[in-house]
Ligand SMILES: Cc1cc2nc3c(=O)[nH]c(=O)nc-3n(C[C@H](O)[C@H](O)[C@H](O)COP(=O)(O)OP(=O)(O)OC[C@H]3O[C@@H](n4cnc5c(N)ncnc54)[C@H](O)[C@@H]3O)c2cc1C
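Shown next as C-alpha cells: one chain only, the form predicted alone.
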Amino acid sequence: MTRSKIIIVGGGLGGLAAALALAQKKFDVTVLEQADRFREVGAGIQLGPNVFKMFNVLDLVNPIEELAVFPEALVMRDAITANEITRIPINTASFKKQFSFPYGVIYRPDLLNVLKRACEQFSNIKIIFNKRALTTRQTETSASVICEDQSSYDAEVIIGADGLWSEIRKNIVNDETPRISGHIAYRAVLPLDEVPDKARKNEVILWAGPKTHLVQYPLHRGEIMNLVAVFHSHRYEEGWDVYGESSELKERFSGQHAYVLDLLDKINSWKMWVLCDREPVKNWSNGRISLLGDAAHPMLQYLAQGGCMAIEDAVCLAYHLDRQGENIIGALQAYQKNRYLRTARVQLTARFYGDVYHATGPTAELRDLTLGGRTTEQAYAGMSWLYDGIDKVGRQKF
C-alpha cells in the first residue's frame, strides 16, 4: 500500500534519485519533466565517497560500478610548465580504509540511465514528459503544480528539483537571478583512440593556469576522455547546450603547455555554459513545498559536488518524510535543517577553489607550496569534512 502522494518537478539526477528514494519507502511519486524525453546534459561527473554512501542506501552501487571508471589519483599540474603541483592517490587500500567507499567518475548519461532503470522497477513512480512547471499553490492539506499547458497536478508534497533556474524556487525564496561568476566552461568528450598517448592516464588531472584550467579524465569504461576547459569571460548565455567558439577557447589558453594545447586541438565541437551559483540560504521550504539540488543550493563545479549534493538531498528528504509520517511540514523543516549548513559550506568552498585553480603570481606560488607540501594523510584529512561528513541517510554530522 502506497503512502502520501509526492510530486517532483524535474527529472534530472536529483529528481530521479529523490523519486527512487521515496518510492523505496512506499510513497506515491510523480515526476514532471519539461523535456520530451531523458537526454544527455553535460559530460562527465565525479563521484566522491560521500555519494557512494548514498548509492549504497539506494541499492545502486553494483550497476554504477559496472559503468564508472575508478581513477588512480587526483592530480594538479601547472598548465604553463606541466610541473606536478600535487598528487593524491585514491582508490588505494588506505583511501578506502579512510572513507569506506571509492572515488569514481562516470558519464552523466550513464548515471542518468542507471537512475532511470531503477525507477522503472517501481510501480509507484510515474514520469510525465513535456510538463514545464510554472507555479505552485497550497492549502493546509494539499499542494498543486500548475504547468505551462494549463494542466495541474495535486499532491501532499511538492519538491522542486528543477535546477538553477527553478520556477518552484520563485515561490519560496525571495532572491534575484543567479550570481554570474564570470567563468565560462567548455565541455567535450573525445574517443580514447584520438587522445594523445601521453594523456591517456587513469587519473583526474587538473591543469591550473592563469585565469584558466583544464580537467581531463576517462569515462564510459575508459572508452572516452572527458575534457572541461574553464576560463574567465564576460560572455553570457543561459543554458548548458550552447555551442562554443573554438577561437575564444584558443585565445584564452594561448601560451600554455603543449600537453594542454594538444588536447584542446583534438576537439572540433565544444558546448559551453556560464558558471553561476547563488548565495546560500537557510530556508528553502514553505509549508508542503521544498527544494532539492541546484534549485535549493546551486554551486560552482570546482568541488565536483553538485550532483553529489543533490543525491544526498534525495536520501535525506526520503528519510525525514518516512520518519515523520503524517507530519509533512515538520519533515520538510527537518530535512532542510539537516542539509543547509553542509550545502552552504560546499557552495562557499567551491567559490574559493575557483580562485585557487586560477591563481596567478605570488598567489599561485603560495598555492603550489601549500598543496605540494602535503602528505597523503594530510590530504585525506582535508577531505574528511566532505567525504565523511554525512551519515548514511544524508544528514550532516556535527
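The shown structure was predicted, so the numbers you read here are calculated from the model rather than taken from an experiment. Numbering starts at 1 and follows the sequence shown.
The form predicted in complex with this ligand is left out here; the points below concern that form.
**Asked** Is this ligand close enough to Val57, Val69 and Arg221 in the predicted complex that each of the three has a heavy atom within 4.5 Å of it?
**Response** No, none of the three is in contact.
**Request:** Consider the chain as shown here, without its partner, and state which of Thr30, Gln347, Asn338, Gln46 has a heavy atom within 4.5 Å of this ligand in the predicted complex.
**Result:** Contact with this ligand in the predicted complex is made by Gln46 alone.
**Request:** Check each of Val260, Ile125, Val114, Leu275 and return the one that places a heavy atom within 4.5 angstroms of this ligand in the predicted complex.
**Result:** Exactly one listed residue reaches within 4.5 Å, namely Leu275.
**Request:** Verify the contact flag for Asp162: yes if a non-hydrogen atom of it lies within 4.5 Å of a non-hydrogen atom of this ligand in the predicted complex, no if not.
**Result:** The answer is yes: Asp162 has a heavy atom within 4.5 Å of this ligand.
**Item:** Distance check, Thr370 to this ligand in the predicted complex, heavy atom within 4.5 Å
**Value:** Residue-level check for Thr370: no, no contact with this ligand.
**Partner contact for Leu190 in the predicted complex: this ligand, 4.5 angstroms, heavy atom** = Because no heavy atom of Leu190 falls inside 4.5 Å of this ligand in the predicted complex, the answer is no.
**Asked** Gln138: heavy atom within 4.5 Å of this ligand in the predicted complex?
**Response** Because no heavy atom of Gln138 falls inside 4.5 Å of this ligand in the predicted complex, the answer is no.
**Request:** Quick one: find which of 350-358, 57-65, 327-335, 31-39 has residues within 4.5 Å of this ligand in the predicted complex by heavy atom distance.
**Result:** That would be stretch 31-39.
**Members of 95-125 lying within 4.5 angstroms of this ligand, judged by heavy atom, in the predicted complex** = Only Arg108 sits within 4.5 Å of the partner.
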